[in-house]
Structures are given as structure tokens and as C-alpha cells.
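This document opens with one chain alone, in C-alpha cells, the form predicted alone.
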């Protein structure tokens, strides 16, 4: 067997987190090999965050135009999907070509290899006929793929995942959506606003089941107002496709039909493809467990969706910063050990950047690698109204035995909500630890729910005393002023 090529770091999977790690380390002067079998940049820029929000922006513009009748006269709206598909194809994805992303990475000093990387022992990665040995470590950023349930008859049919839904150039007349989570609801509302007859089928007793029940109610009502049929508590048992239409059969004999079927029932990592057994890691898990420095085991890190800490770009970037600091710290110590004079350093002043990253960590002392802290992990479902949330829900807090206080205020009861008049559905809900006197969770639902969430994230992350939050000045008339009312209702 040929000897592996010696490099500093190998990154397997150049999604959002992997590309950031590989690019930053290459800029720092390390020899970095980045391996990607699909598109550099991962799910977010091609089939996730960016194109889906372009779709949502367009659909929301239609909805706002239809609201003119309730505010400022009359308006006629004729939906046209063609400019939306064109924008996704040309502006967001470059027709699903990653040439620019590859050049961005190699321009930072990285070496790109197209293919599927696989571990072959500590620090060793094989991709095709190339074999590398990493001096400082290997980083896995291989992401997740749609978790398609084993429903009788589904395999072999032309069902959609989020990818086909994003790539569509001609809309179907009708669409069945299996799954009432964030992705399912976002896409359902978009297609409905463009005239597609949409039916959502969800096995849980409510949509957005991971969020507060009040958020589920508002989201479901908003989608129904857009013409979406929602059926909860329905477990799918069989799918049939006759060449033109899908039939979805659920427990109890219920039956739904549609021209297309979109399956959005979650995602999972495919760990069995990575050779984890060669480094003593169990590959049968749903996700890859990591410690608070993103290490799977010594010399092996993971970032992004593969870690199971939330399928969010902001989580991947947050984790990437920790891995970058940790690997630069390891490189600094290794090089200092090889140079007793202490003058050895990573090229390009990157150690200063590593020190800055370390000093900004949420835990640990200054000068140490920052540690991951997910207490204030924000998440937003970009339906209209938006559903923003951070920290624990009321149910989660009570399950942990916390002495819970809850405050609630309707957005329509605020001055800004009254002014907004049409499309002002929403609320602020805050969850407090009464013994500690701090917020441990919050939900912001409304026309700008994701933006209003930012102040609540700071409150949870910084453990700002509720007494201080109550004594703040909240700008008038804003949506975020409803936070003050919710705090006043804590009990």
C-alpha cells in the first residue's frame, strides 16, 4: 500500500461549516485538503436557506399585495412562478454549479479534491486513489440527507424531497406534503400562495410540534387562511403512484391525493459511509456526538448538521469557529514544541485570530479554546407570520423540574399590531426560571418574528435578570415592545 501524503488538516465535507473551517485554516497557512463529493457550500446555498427564502420573499410579496384591499384600496395579483425559478437558478445556485465556491476555497490556499472521503485509521483519509495523513486532525462536515420513512409503496415513486421542490420550474396543480415541521410549512405556504392546492399530513397532533403549542396554532391558522389543508394525527401507511397522481393512505382509512408528493419528515446523518469504525467510533448512531470543543475523539472533529445540534447554518458557523480555534491552538503547541525558541507560528497572523476567538468563548478562561454552549440557540421558521424561538419551551422547562413562570402577550394587543391591522397575527411568550430570576426560553411570532427574537436571544444567552429586562426602555411603537407586556404578565 502506498504511503499517505502528509498534510496538516483534512476536512471531509465542505458544507457551510466544513468550508469555513477549511478556508480559515488554509488562510492561516496550514496545508489543508478539502474533500466534497457534491457541491461546495452544502445544502444551504443550493437547496436550503438561500433559495427557499427567495421563494418565501416572493410568496410574501403576493400576500402583501392581497392585503391592500384591507388597508389602501384595491389590488389585483397574478402569480407567476417563472421569475422565482429564474432567480433561484441564476442568482442563488448558478444552476447548481459550485465553480465559484471551489475557486473561493482554493483562492484561500486550500487544496480541493472532489470525491467521497473515508477514514482509514486515526488521521488517515482516503478519497478515490488519493490517501492523506493529517498531522493535526481531521474534520467531518458531511451533513445530513432526507430521512425518508419506510412507508409501503413509497420507494421507487417520483416523490420530492426539499431538493426537487427547490428546483421546480413548473408548479403542479396539487401537492401532498408529508411532514408538518418547519420545512414542510414554509414550502406549503409558498406553493399555496402561488395557486397550488396543498395538503399537509402530519403524524404528530400538531404542526411545528417542537415549538410552543401557541406557535403551532398561529402557524396552522395562517396556512389554512392561505388555502392549505392540514391534517394532524395521521400516520401514513401506504403511498401509491399511478403515473400521474399520488395517493397517500393513512391509518384509519383516510386517503389524500395530489399530483406531487413532498416528503419532509426529518433528516439524518449517514455515518456508515465514513469509516468511523477505524477510529473506534460507533457508526450506527443517528448523529455524531461531539464534546464542547466539537471533538468526536482525539484528532477528529465534526461540525454542522452531522453533530445533531440543529440543522442550522448559524450552528455550523458557530461550531466552525470553535474547531478553527482548537486546531490552531493544537498547531501552535505542536510547532512550538518543534521549535524551542518559541518563534514558530502559523502563517498570516492567524494565531492572533485564534486568541480572539478563544477570548470570546462563552465559557473557559481567556486564552483557552471556546466551548460550545447551546442554551440560547435561536431558530426561526420563515412562515408568514414568522416563528422565532430560543432556549427551552414551557413544556421542556417543566420536564426538567424548573420552577417555571410564563408571560404572554398578543401582538394584536400592542400599538404596532393595531396599526399593522392586516397580517398582525402573533405573540410574545417568555419562559423564566423563577428561582434564578432569568429567562430560559422565549418565542416571538409575528410579521418580524425572527428579527424581534434577537433581543430575547441576548436575554437568554446573557442570563439578564428579569428585573433588568422589566426596567428597560422599549421603543414605541414597535413589535418588540410586546416583550415588555409579556414580562409584565409573568406568573
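Numbering follows the first chain given and starts at 1. Every value quoted in this text rests on a predicted model; they were computed, and no experiment measured them.
Heads up, the form predicted in complex with a small molecule isn't pictured, but that's what we're talking about next.
Is it the case in the model of the complex that 79, 168 and 188 each bring at least one heavy atom within 4.5 Å of the small molecule?
Judged in the model of the complex, none of 79, 168 and 188 sits within 4.5 Å of the small molecule.
Consider the chain as shown here, without its partner, and state which of 393, 144, 405, 199 has a heavy atom within 4.5 Å of the small molecule in the model of the complex.
The option sitting close enough to the partner is 144.
Even though the small molecule is not shown here, does residue 425 get within 4.5 Å of it in the model of the complex, heavy atoms only?
Close contact is absent here: in the model of the complex, residue 425 is far from the small molecule, nothing within 4.5 Å, heavy atoms only.
Residue 14: heavy atom within 4.5 Å of the small molecule in the model of the complex?
Because a heavy atom of residue 14 falls inside 4.5 Å of the small molecule in the model of the complex, the answer is yes.
Though only this chain appears here, would residue 35 touch the small molecule in the model of the complex if you measure heavy atom gaps against 4.5 Å?
Contact with the small molecule, yes.
Quick one: does residue 314 come within 4.5 Å of the small molecule in the model of the complex, counting heavy atoms only?
Taking the distances in the model of the complex, the answer for residue 314 is yes, it comes within 4.5 Å of the small molecule.
Can you pick the stretch from 36-44, 435-443, 462-470, 62-70 whose heavy atoms fall within 4.5 Å of the small molecule in the model of the complex?
Flagged stretch: 36-44.
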